[in-house]
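Only one chain is given next, in structure tokens, and it is the form predicted on its own.
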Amino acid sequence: MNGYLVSEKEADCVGCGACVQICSHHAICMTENRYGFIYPQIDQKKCVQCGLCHNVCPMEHEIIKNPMNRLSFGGYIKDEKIRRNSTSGGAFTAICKAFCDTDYVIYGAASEGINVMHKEISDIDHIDIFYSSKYAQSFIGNSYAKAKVDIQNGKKVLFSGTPCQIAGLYRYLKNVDQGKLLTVEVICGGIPSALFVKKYNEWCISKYGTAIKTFNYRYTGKNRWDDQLIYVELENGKTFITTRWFSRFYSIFLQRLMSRPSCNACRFTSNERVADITIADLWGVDREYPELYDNGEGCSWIICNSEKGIQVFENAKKYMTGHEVDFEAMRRYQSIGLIRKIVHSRYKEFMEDLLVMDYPQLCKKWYKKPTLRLLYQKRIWNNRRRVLLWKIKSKYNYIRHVLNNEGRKKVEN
């Protein structure tokens, strides 16, 4: 298998940065290309041809995956405050609580404005820096190297990230005892171009005179989990809340117009997973398991892929409300992450437009308005009304069952 350092093909690099961290001669750095994606660049003057960067690259080696899922669970954390602040059902916090008892470090992606980077905490009370979804490339920095030192010092390490980031971590830790390591991956729909978000930020500056302070790709609000809102707060305090169906970002992203080239040929889109535990939104819960919908406050899907993952999550269950769910039934609703999508036929055209057009021009040409059928499904006959009907039917069937039983008793007497 060839990685980017061999082929120089952009589709052969996931941007994990393992090669940068393994190089003791500091001959490699991650640089952003003109489309907003980061790639390693080698300083040939510093390179000694040791080959460590090739050895650590997950794209140059067979990706080791766990067998088919061993435990599939749907539910949400019992702590209502944590659940409200989480993107889905708060499963990540429950897992951290179960794993991180003493002498631990948690690694995850944190947002700073429109930028996302990996950080670490050693106090679970600070876990809120990892809340909210980030539809952006997280800059790993030297997190792999730090995690290695933590493990060698006897600490428990919980490392979270996208599947390709977890694969990069495993390659980096190839010769390290991983007994105290737990990996948690999020089901990923691909990395969008950072350049598009930067152009949106530039538009905000030109229109409102201030930059973006907070960009929350999945704002839940009050019982708005499945509305998939985007929340933007500017430095001057002005805020915008947009539903997914009217979001310019979501429209272009979900058309597969601006994904990272490696995402368009993702090697991690399968039932077999890389990490010990996989977490995602439990889409389809209103249809398959309406008892877990709970007024749309958020529900998580947890897939345990290893014995270690199962053991940790068995301890995490005490923090959650839920039960096991059928993997294949719920997989059907994961249109991104588990089911590979076809790249848009005009992908190259959009990427070229991205170089020369500003944000309003891109939106005018590429934004796709929601259809009336979609709006009907999301605004009128939506998940909440579907679950409400289920509750009414369940109540009716229960009352009828009770009355029938009472009737039988009277007849028997």
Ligand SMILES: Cc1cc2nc3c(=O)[nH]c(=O)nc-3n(C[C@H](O)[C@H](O)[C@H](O)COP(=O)(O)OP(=O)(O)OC[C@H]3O[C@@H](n4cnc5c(N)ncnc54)[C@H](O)[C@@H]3O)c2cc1C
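For every residue, the number given is its place in the sequence shown, counted from 1. Bear in mind the structure is a predicted one, so any value in this text is a computation, not a measurement.
The next section is about a form of this same protein that is not shown, the form predicted together with this ligand.
> Does this ligand come within 4.5 Å of any heavy atom of F92 in the predicted bound form?
The answer is yes: F92 has a heavy atom within 4.5 Å of this ligand.
> Looking in the predicted bound form, any heavy atom of G108 within 4.5 Å of this ligand?
Flag for G108 set to yes.
> So in the predicted bound form, does K180 come within 4.5 Å of this ligand, heavy atom to heavy atom?
Judged by the heavy-atom cut-off of 4.5 Å, K180 is well away from this ligand in the predicted bound form.
> Can you check whether R218 is within 4.5 Å of this ligand in the predicted bound form, heavy atom basis?
Taking the distances in the predicted bound form, the answer for R218 is yes, it comes within 4.5 Å of this ligand.
> Which residue, I191, A316, L257, L169, is the contact with this ligand in the predicted bound form, using a 4.5 Å heavy atom cutoff?
For this set of options, the contacting one is I191.
> Going by heavy atom distances of 4.5 angstroms or less, which of Y200, Y104, Y135, Y250 would be at the interface with this ligand in the predicted bound form?
Flagged contact: Y135.
> If contact means any heavy atom within 4.5 Å, which of 201-209, 242-250, 109-117, 304-312 contacts this ligand in the predicted bound form?
Only one stretch passes the 4.5 Å heavy-atom test: 109-117.
> Going by heavy atoms, what in 150-167 lies within 4.5 angstroms of this ligand in the predicted bound form?
Result: S160, G161, T162, Q165.
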